[in-house]
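Only one chain comes next, encoded as structure tokens, the form predicted alone.
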């Protein structure tokens, strides 16, 4: 088969890495890809949201299947576009994608199908916000309704700060939406739970815990993710049973009842407190950087799993994981998630030996004149499996210390809640 992965980040590089292990693949493409994907696939420079241009490439290159990495093309309806053209594509359609694309849709869906989640209120204007906010205890969580690259959520420790954030969103802080909700702050620890679904059935496809904050000890601004480890040490058999019964099953059944079955990767961001899981948010694709470590730990042929989702026969699939835990640490450009500089040369990558237990996945990189340059906020992901998380982190940090580029920054404490305690 000829396969194309859509996207340009660390997630897409790790998906290409895993797909490359399948003996069913003839040609592998990445649209638009990065410096890392260019080593294992053919990069094609097209905007992931230019569906017509991608379609012309699909015809020209005889591509049999599209695998969509990021959420924006999914929310914009890429699956609907290609299904109409009778091209196989992996991911949820536009209506099903609302479960990530609109926080309001997701919260109202949870209410309708009794899925445990935080108390919330929609905010229409600033005067209403001042009234409603009195009923919420501090801290208050303020969320933009639309996609905001992981930066649309603010935890406010005062009502004054909450009002300021609400006002900014109502005035258009985020291009995707001027709608806003406020939520109660949930106590507990966060974990990520992933399933793959064919619209009727689902199979769990890994657990992880990520670190969203830019600073050590989970301080500072929210980012797209500074590192992750897998499996999650919070999710035991008892908690997993509750996640499936109270959250995932009602979601898959509820989406089907509403007339838009969910096909693809469903990623539940959870808060676990006193052994009870609550849903914080849904994502409609693999998390980044969680995907990087999941692709290293997964022993199944990823293409078989994806085809089972596309062809509605997931029931037959049984997942196999390595027993070894793993960790991924993100090297970012200093200044991220705010202003940062790019186009700095990255050196020493070729001096490091990589294998099935240690990989460097590229996120924001580009190749120019045979040089690899930084090209984003998050630049590289050192991803390692080992006999313990502590050993895995030590190796990942060693990799990132050896790699050189100007303004490199990475957290040294990823996994600290498990390793350092």
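Positions refer to the first chain, counted from 1. Owing to the predicted nature of the structure, the values given are computational and were not obtained by experimental measurement.
As for the form predicted in complex with a small molecule, it is not shown, yet the points below apply to it.
Report the stretch among 162-170, 256-264, 186-194, 127-135 that approaches the small molecule in the model of the complex to within 4.5 Å, counting heavy atoms only. Result for this chain: 186-194.
Quick check on residue 281: any heavy atom within 4.5 Å of the small molecule in the model of the complex? So residue 281 counts as contacting the small molecule.
For residue 342, is any heavy atom within 4.5 Å of the small molecule in the model of the complex, or not? No.
Contact with the small molecule in the model of the complex for residue 118, defined as at least one heavy atom pair within 4.5 Å: yes or no? Residue 118: yes, in contact with the small molecule in the model of the complex.
Using the partner position in the model of the complex, report whether residue 155 sits within 4.5 Å of the small molecule, counting heavy atoms only. Judged by the heavy-atom cut-off of 4.5 Å, residue 155 is in contact with the small molecule in the model of the complex.
I need to confirm a contact call. Of 271, 306, 72, 248, which residue comes within 4.5 Å of the small molecule in the model of the complex, counting heavy atoms only? That would be 271.
Give me the residue from 239, 104, 141, 205 that has a heavy atom within 4.5 Å of the small molecule in the model of the complex. Contact check passes for 141.
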